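The chain that follows stands alone, in the form predicted alone, written as structure tokens.
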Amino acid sequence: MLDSTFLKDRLVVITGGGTGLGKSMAEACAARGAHIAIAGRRKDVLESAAHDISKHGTTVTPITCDVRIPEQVQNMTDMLIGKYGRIDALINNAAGNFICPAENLSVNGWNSVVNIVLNGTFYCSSSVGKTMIKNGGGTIINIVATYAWASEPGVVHSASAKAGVLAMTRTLAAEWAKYHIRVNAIAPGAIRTEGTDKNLWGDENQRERMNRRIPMRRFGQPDDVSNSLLFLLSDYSNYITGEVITVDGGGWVGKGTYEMVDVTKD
């Protein structure tokens, strides 16, 4: 559906772009001709990822940036504008999460996640969005989660922050449409990456229980998310803003009290 060079010479900025979904999305965009900037806190991880992504033949700029610190975010924006002249797309992917019952969650744990997910998304959107307004438009895509609107135990900090990002997505979409800026979101479900395997479902029993909750009966792969991202970056979605694409195999709509049983089988 999409030409292999439809992002040629556009600059796509991805926070949290050194690992997992962020790196996968960066590679998908680079493979379609985009110049890439990946931001994160660990210089060695970013440089390793940049080396891998650059194999697609485009320019990759690794930037050490803590999205919780607005001055660092602004420095990142200024540097990229100085180098490329404009930013065409921003992917707010940087996140923090860990499973913790609400009664055991510390103030520091709460602030750690909210500062990255909610505040960091606003700092990046504000800084980059202002340049997009000056340059005639652009695309912002926020990575949220289905528990931003559906219940999920153990993630009150992340769910609250992602719900804020979802509200931010729709508010900015309404405000910035007149500047030709589209703001949308993607809500991945259970996507298997090195990080999720380590932090969210660490053993086979957990993975099996999670798999049974997904109507499509499989975990998602990073490419499932990247393909939706490419659609939202393309002209095929140029009349879509303020929307959320859920990529979870039917996970959140399949939740229920009872497990479905196929009564047609003996």
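The first residue of the sequence shown is number 1, and the count goes up from there. Since we're looking at a predicted model, the values are computed, not measured.
What follows is about the form predicted in complex with coenzyme A (COA), which we do not show.
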Inset, instruction - Identify which of 132, 141, 113, 148 has a heavy atom within 4.5 Å of coenzyme A (COA) in the predicted bound form; exactly one of them does. - result: 113
Inset, instruction - Let me know the one among 172, 100, 81, 163 whose heavy atoms come within 4.5 Å of coenzyme A (COA) in the predicted bound form, would you? - result: 100
Inset, instruction - Could you tell me which stretch in 101 to 109, 174 to 182, 72 to 80, 119 to 127 has residues with non-hydrogen atoms within 4.5 Å of coenzyme A (COA) in the predicted bound form? - result: 101 to 109
Inset, instruction - Mark residue 41 yes when one of its heavy atoms lies within 4.5 Å of a heavy atom of coenzyme A (COA) in the predicted bound form, and no otherwise. - result: yes
Inset, instruction - Determine whether any heavy atom of residue 207 comes within 4.5 Å of a heavy atom of coenzyme A (COA) in the predicted bound form, and answer yes or no. - result: no
Inset, instruction - Could you confirm whether residue 95 comes within 4.5 Å of coenzyme A (COA) in the predicted bound form, counting heavy atoms only? - result: yes
Inset, instruction - Tell me, yes or no, whether residue 35 is in contact with coenzyme A (COA) in the predicted bound form, where a contact means a heavy atom of each within 4.5 Å. - result: no
